[in-house]
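Next up: the same protein chain in two forms, each one alone, written as C-alpha cells (structure 1, then structure 2).
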Structure 1
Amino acid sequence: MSVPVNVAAQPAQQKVATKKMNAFKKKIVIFSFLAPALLLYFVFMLYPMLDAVRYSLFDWNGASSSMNFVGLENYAALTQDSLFLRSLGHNLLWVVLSLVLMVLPTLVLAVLISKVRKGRMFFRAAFYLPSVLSLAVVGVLWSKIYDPTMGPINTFLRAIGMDFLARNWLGEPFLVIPALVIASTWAFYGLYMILFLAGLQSIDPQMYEAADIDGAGPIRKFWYITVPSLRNTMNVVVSMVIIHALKGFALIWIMTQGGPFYMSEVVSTYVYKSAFSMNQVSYAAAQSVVLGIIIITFTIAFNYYRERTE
C-alpha cells in the first residue's frame, strides 16, 4: 500500500525542487546584472566613505607613515571649533537662499515657457545653456560680473546715477553669500526648469479646461492645479537643491576661497583647507563625516515625510 503513495509524492517533490532551482537561477541572473554596478559602487563610493570614517578616528597629517588612534577626539574638537560651526551656519544660509531663489522662480519660469506658442525650443535651450557650462567658467564669469570697478552691475548703477548702490559684491561680508548663491542659481536653474517642464507635460489638460469653465484665473490655476500636480517633481527639485547647497564647493572656491574673513566659508571649503593647507587630514575627515551624516539624515527624513504626506 505504501508504494503508490511514494510514487505519487515523487512528482510533487520534483516539481518543488524544479521550482526552487528556477528561482535560484533567476536570482543568479539578477545578481550577475547587478554585480558590476554594485562592485563599482562599493569601490568608488562605500569604501572611500568607510575609509574617511576610519581616518577620522586617528591623528594623521596625510604624509606620516604612522597614525595615532584618538577615538572621537576630532569630533569633540569640532564642537569647540567656531570656524567649523560658522561654516555650518553658512551652509544652512546657503540652503535657505537657494530654496527661495530656485524652486518657485524656476517653476514660474517653466510654466511661462510652456505657454509660449512660438520659439519654445529656443527659450528652453537658451535658459538651459548655463547648466552645460563648467562651474569654473561660471565662477570666472560671475567674478567679472561682480567686479567692483569694471563689472557690468556697478557700471550700470553708476550710469543711472545710483552710485551709492555700487558695492564690492564679493568683498563685503554680508553680501558675499547672497552674491554666490545668485551665481549658483544661475548655473543650475536650467536643470530644475527642465524637470518642471517634464512634470508639466504630465498634467491632464482637461483639468485646466474645467478650471476655465469655472472661471478660474491664471493664478488660481497655478496654485490649485499646477503646484499640487507637480508634487513629486517639486519634492525631487527641493531634495536636489538642498543637497547641492550643502555640498557646494567649486563655485565658492573659485570665486572667494571662503573669504572675506571666512564669511563665505562653508564646510566643504573648510575641509579642503584643513586637509591640504593645514595638513590635518583626520580632522578634515571628521568634518566631512559630520557633513555626510547631515546630508544623509536630511535626505532620509525628507523622503519619509514625503511618503507620509502622500
Structure 2
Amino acid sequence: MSVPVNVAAQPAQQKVATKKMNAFKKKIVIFSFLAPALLLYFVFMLYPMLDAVRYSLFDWNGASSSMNFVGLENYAALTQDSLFLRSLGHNLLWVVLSLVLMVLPTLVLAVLISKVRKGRMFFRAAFYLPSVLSLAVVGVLWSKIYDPTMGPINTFLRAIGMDFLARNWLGEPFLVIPALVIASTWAFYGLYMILFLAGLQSIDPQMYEAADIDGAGPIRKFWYITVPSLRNTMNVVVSMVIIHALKGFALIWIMTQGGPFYMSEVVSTYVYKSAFSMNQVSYAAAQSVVLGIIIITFTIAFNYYRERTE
C-alpha cells in the first residue's frame, strides 16, 4: 500500500526541494549584487556614524588604551562652552549672509542672461567659470586678493588715495565672516545661476504675453510671474545654500583657520581643532554629532516640506 504513495510523493518532494533551492540561489545572486556596496557603506559610513555617537559618550584623548564612560557629560559641557556656542552662531550668520547674497542676486542674474538673444551661451559659460574651481583654489586665490600688503583690493584703494579704507580684510573681527562669505558666494553663484536658468526655461511664455497685454512692467512680471513659478527651484537652491553654509570647512580653513581670535570659527573647524590638534577626541565627537543631527534634521524636514508642497 505504501509503495505507490511514495512513488507519487517523490516528485512533489523534489519539486519543493528544488523550489527552495532556487529561492536560496536567487537570494545569493541578489546578495552578490548588493554585498560590495553594503560592505563599503557599512565600513565607511554606518559604523563610523555609530562610533561617533559611542566616542561622544566617553572620555578619550585618542591615544590612551582605556576609555572612561561619562554618559552625556560631553554634551552637557557643550552647552556651557562659549566657543562652541559662538561657532554655532557664526554658522547661523554664515547661513543668513549666504542666503541674502546668493538667492535673489543669482536669480536676477539668471533672468538677465535668459533675456539675451545672441550670445546667451557665452554669458552662461563665462558666469559659470568660477564654479568649476575647487574650493582650495578659491581659498588661496581670495587670500591673495584680501592680502593686506600685496592684495589688489588694498593696492587699488591706495592708488586712488583712499588709504583709510584699506584694511587687513581677513584680520579684523567684524570683517572676517563677511569677507569669507563673499569669497564663498563667488565660488557658488554660477551653480545657482545654472539651476535658476534651467527653471526659467520651464515657465510658460504665454504668462508673460498675458502680463504684457495687461500692461505689467518688468519688475511686476518678475515678482508676480517669475518668482512664484520658480518656487521649486527656489526651494532646492535655498536648501543647498543652507546645507553648504552649515558644512563649510575648506574655504574657512584655508583662509583663516577660524581666526582672528576665533571670530570666524564655525562648528566644523572647531571639531577639527578639538579632535586633531587638542586631542579632545570625545568632546569633538560630541560636537560632530550635534552638527550631524542639525544637518540631517534640516535635510529631512526640508524634503518632507517639499514633498508636501509639491
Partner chain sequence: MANLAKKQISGQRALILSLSVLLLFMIAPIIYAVLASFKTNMEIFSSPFALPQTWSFDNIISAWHVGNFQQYFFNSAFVTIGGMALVALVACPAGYAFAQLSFRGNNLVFYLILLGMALPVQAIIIPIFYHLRGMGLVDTLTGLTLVSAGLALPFSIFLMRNTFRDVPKELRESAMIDGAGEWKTYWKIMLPLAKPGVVALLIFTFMNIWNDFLLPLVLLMSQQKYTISLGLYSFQGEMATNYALIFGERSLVWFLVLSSI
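By convention here, residues take numbers in order along the sequence of structure 1, the first being 1. What you see is a predicted model; the values in this text were computed from it and never measured. Note that the rigid core is defined as the largest set of C-alphas that superpose within 1.5 Å between two forms.
Kindly point out the structure, among the two, that is the form predicted in complex with the partner chain.
Only structure 2 matches the form predicted in complex with the partner chain.
For L34, is the CA shift between the two structures at least 2 Å following rigid-core superposition?
Shift of 2 Å or more: yes.
Relative to the superposed rigid core, does F276 relocate between the two structures - that is, does its Cα move 2 Å or more?
The answer is no, as the C-alpha of F276 shifts between the two structures by less than 2 Å after core alignment.
Using the rigid core as the reference frame, would you say F261 shifts its C-alpha by 2 Å or more between the two structures?
Not so; F261 is displaced by less than 2 Å.
Provide the displacement, in Å, of the CA of Y304 between the two structures, taking the core as the superposition reference.
For Y304, the C-alpha ends up 4.6 Å from its position in the other form.
Following alignment on the rigid core, what Cα displacement (Å) is computed for K20 between the two structures?
Its C-alpha position differs by 16.2 Å.
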